[in-house]
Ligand code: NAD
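Before any questions on binding or motion, here is one chain by itself as structure tokens, the form predicted alone.
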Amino acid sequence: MSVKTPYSFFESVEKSFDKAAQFTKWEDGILQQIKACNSVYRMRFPIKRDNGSIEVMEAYRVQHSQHKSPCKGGIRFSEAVNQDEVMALAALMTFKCAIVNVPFGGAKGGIKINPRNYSTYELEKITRRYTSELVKKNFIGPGIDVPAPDYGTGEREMAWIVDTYQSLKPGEIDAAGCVTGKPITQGGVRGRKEATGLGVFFGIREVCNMTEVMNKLGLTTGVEGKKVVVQGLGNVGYHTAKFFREHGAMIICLAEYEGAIFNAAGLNEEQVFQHRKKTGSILNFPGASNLAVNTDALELDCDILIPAALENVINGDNAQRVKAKIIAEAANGPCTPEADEIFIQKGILCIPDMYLNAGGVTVSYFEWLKNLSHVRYGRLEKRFSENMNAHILGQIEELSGKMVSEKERLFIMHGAEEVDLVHSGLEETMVSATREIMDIWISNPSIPDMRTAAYVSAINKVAISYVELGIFP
């Protein structure tokens, strides 16, 4: 679904950076250092296929910035992987972490394969060999560079990575922190799977709760009743749709690479997911109509459009036909710089990817902290909180002579478990970041859009780190 643009992905990121840099006070040398990729590791290694043939893998790991340590970023398995894409995604990770106040530098990795074309055993060999190559060059470690899942990878691959790392670094007490997105049994954190989609929801919800912003767009405050289109039914798109539906929004259209389906009365993402699992396609879902082309979903009349698939899907060619009032970038780089200019002219609010999809890295940060502390969130305080809440409730009931309902009793007495604390931390992160960006935008009316305001926030934070490190006098 990707469309050619005049810019490479990395050049698009640089263009957005330069657009924002003029609204900061930093001299050119500092800006050039922030923009540059510090380290690019391009590797080739062989693996033996199940049929006995040898295949040489093309793989990358880019560390964009070490203004904070460790570096952080996912590993994707995709035929589209190339050095430019990995550099762009690593740069976005630097800015993303800065905006949401997660103390990591940006990094990204990728292996140029289609995982569907390889057996589980072959994928394990590829992943473990890739990890050993990273260890050789000191490109992985809990204090150096911490990968995570991305497009085409998941818990399984992260488990292979941590096992390989531990075997090559025996006795390293914090080895589990070398990668995040692991299974719970291997040091993962509860709430990681839905983190990016939930973060997208929290970020959009906060914008929708801003009366002044909604009045400008001609919308009511809140997410309830909003008509939402979601492009992509992968992990991020699925969970974003789920949280919007559960909070009263109508998911009127879902799109995937094989097509798109529309129902003005609303769709249930779980039912669509099960239909696709059964039939191999989201098309012909009962009660919904098929759209002729999957990209037609991007041009539907709706309140919120959420591209949650690949980059460059909204560009200079189709941006003029977009009718949504709010575009929320759940994917990385779904809108090109040309599209941004058109949105400004049309008065469309584009909530940028570089902070909106930061839920994954935020919860990865929580997982990393868990691995370093060697204790599950909630283990120390859950029972204490429950006992204290029960005592307070008992005293209130005794003094008032009234009893609360059983439902309210259970809610009040509940002590926070790991997933509760993770979701709470994610909500605080996304709400605070949204308000910071909006404050920058509102305080400087010459900033043209929310993306530029987000970049200004990121540039200022990274620059301050460099200055305070003494790198620049």
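This structure is a prediction, so every number in the text was calculated from the model and none was measured. Residue numbers here begin at 1 and follow the sequence given. Rigid core (definition): largest C-alpha set, two forms, superposition within 1.5 Å.
Although it is not shown, the form predicted in complex with nicotinamide-adenine-dinucleotide (NAD) is what the next lines describe.
Remark: of stretches 163-171, 207-215, 326-334, 383-391, the one touching nicotinamide-adenine-dinucleotide (NAD) in the model of the complex is 326-334 (heavy atom within 4.5 Å). This chain lacks the partner; the member of 190, 276, 112, 129 within 4.5 angstroms of nicotinamide-adenine-dinucleotide (NAD) in the model of the complex by a non-hydrogen atom is 276. Taking 82, 315, 78, 294 one by one, only a single residue has any non-hydrogen atom within 4.5 Å of nicotinamide-adenine-dinucleotide (NAD) in the model of the complex, and it is 294. A residue is said to contact a partner when one of its heavy atoms sits within 4.5 Å of a partner heavy atom; residue 352 fails this definition for nicotinamide-adenine-dinucleotide (NAD) in the model of the complex, lying far away.
Shown alone here, residue 235 lies within 4.5 Å of nicotinamide-adenine-dinucleotide (NAD) in the model of the complex, counting heavy atoms only. With a 4.5 Å cutoff on heavy atoms, residue 124 does not count as touching nicotinamide-adenine-dinucleotide (NAD) in the model of the complex; it lies far away. nicotinamide-adenine-dinucleotide (NAD) is not drawn, but in the model of the complex it has no heavy atom within 4.5 Å of residue 302. Residues 294, 308, 309, 310 are the ones in 292-310 with at least one heavy atom within 4.5 Å of nicotinamide-adenine-dinucleotide (NAD) in the model of the complex, listed in sequence order. Put the two forms on the same core and the Cα of residue 372 is off by less than 2 Å between this form and the one not shown.
With the core held fixed, residue 200 shows a CA shift below 2 Å between this form and the one not shown. Core-superposed comparison between this form and the one not shown: the CA of residue 88 stays below a 2 Å shift.
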